[in-house]
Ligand SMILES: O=C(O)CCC(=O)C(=O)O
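For reference, the chain that follows is the form predicted alone, supplied as structure tokens.
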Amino acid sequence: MPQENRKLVRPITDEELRLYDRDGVVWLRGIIDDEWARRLGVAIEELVASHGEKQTDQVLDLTGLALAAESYAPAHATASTGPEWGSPRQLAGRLATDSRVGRRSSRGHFLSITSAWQLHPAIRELAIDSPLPEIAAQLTRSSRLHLYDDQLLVKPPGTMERTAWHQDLGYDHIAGDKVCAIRVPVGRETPELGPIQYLRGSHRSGKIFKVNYFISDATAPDDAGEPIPAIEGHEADFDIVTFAPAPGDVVVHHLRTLHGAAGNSSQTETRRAVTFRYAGDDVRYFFRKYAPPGQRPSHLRDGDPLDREPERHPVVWPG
């Protein structure tokens, strides 16, 4: 990528900083060169084509897990067809599906790939050597910033699974306030694609919510987190915002901001995006029991700075 494309296309405005502080989410339009989105699209195609070769803790076929949960029978409790995190037994009867998406002969498979920056050079470049770290540093008011991790999500046409309402911080082995996620879409996100919905101001409560299984509101019985509000089906009772980002745009949210999404009712378009999670000045390691398998075992202890695992959490700001 040419050096000039590594800079912000425009400055972040004072109003955008204020919106992020108030709402816990902000849509930054035309903030990066849209060539980043084109390169991301190519990288995603390559990763999806080869995902069967990746470590199983980095790749999760969420639709495959849903299908296993739909056919789950108690007599087959020991025959798990999904990962230990969110087994068919745990999800059975609790799947979040979108009534807008009818069953088709070809069902879209909702795919999640974590730590994609370690799997593809173009995604690594986007995470570390693009304008994204500067965006994260400005919004979190951090003088020093680490890449924590990422999640790449692909929702093809006909994906019935909703993304259940959840909060990112409970899925991450970190604690602190200067934490954000930057979501980079490949294409324009229309209502039929199931764009992300955000509960404005939910980051300000300081609460850590129970970890659900992403396509289900099921949680572990001994999870000590706060119950997630019953938002699905009662959206009109909450202050929810949805955006329509396009190439060159990013959406940034605080890791405590609650968010969720519908399925993909489009006949032809796939929703593709990557979300990078960045950790600022006050962030320290904090083990969370119900973080999913993508958060692989660490040598860090509670309270340790992320500097102690530079290969997993590189410093990205200052660049």
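What you see is a predicted model; the values in this text were computed from it and never measured. In this text, residue numbers run from 1 along the sequence as written.
Although it is not shown, the form predicted together with this ligand is what the next lines describe.
Each of 163, 214 and 275 near this ligand in the predicted complex, meaning some heavy atom within 4.5 Å?
Contact check passed for all of 163, 214 and 275.
Pick from 168, 192, 249, 134: which has a non-hydrogen atom within 4.5 Å of this ligand in the predicted complex?
None of the others qualify; the residue that does is 168.
Under a 4.5 angstroms heavy atom criterion, identify the one residue in 186, 196, 147, 175 near this ligand in the predicted complex.
Checked against the cut-off, the match is 196.
Answer for residue 155 alone: is it within 4.5 Å of this ligand in the predicted complex, judged on heavy atom distances?
Yes, residue 155 is a contact residue.
Would residue 48 count as a contact of this ligand in the predicted complex, using a 4.5 angstroms cut-off between non-hydrogen atoms?
No, residue 48 is distant from the partner.
Using heavy atoms and a 4.5 Å limit, would one call residue 261 a contact residue for this ligand in the predicted complex?
Output for residue 261 is yes: heavy atoms within 4.5 Å of this ligand.
Have a look at 147-155, 125-133, 222-230, 202-210 and name the one stretch with heavy atoms inside 4.5 Å of this ligand in the predicted complex.
Only one stretch qualifies here: 147-155.
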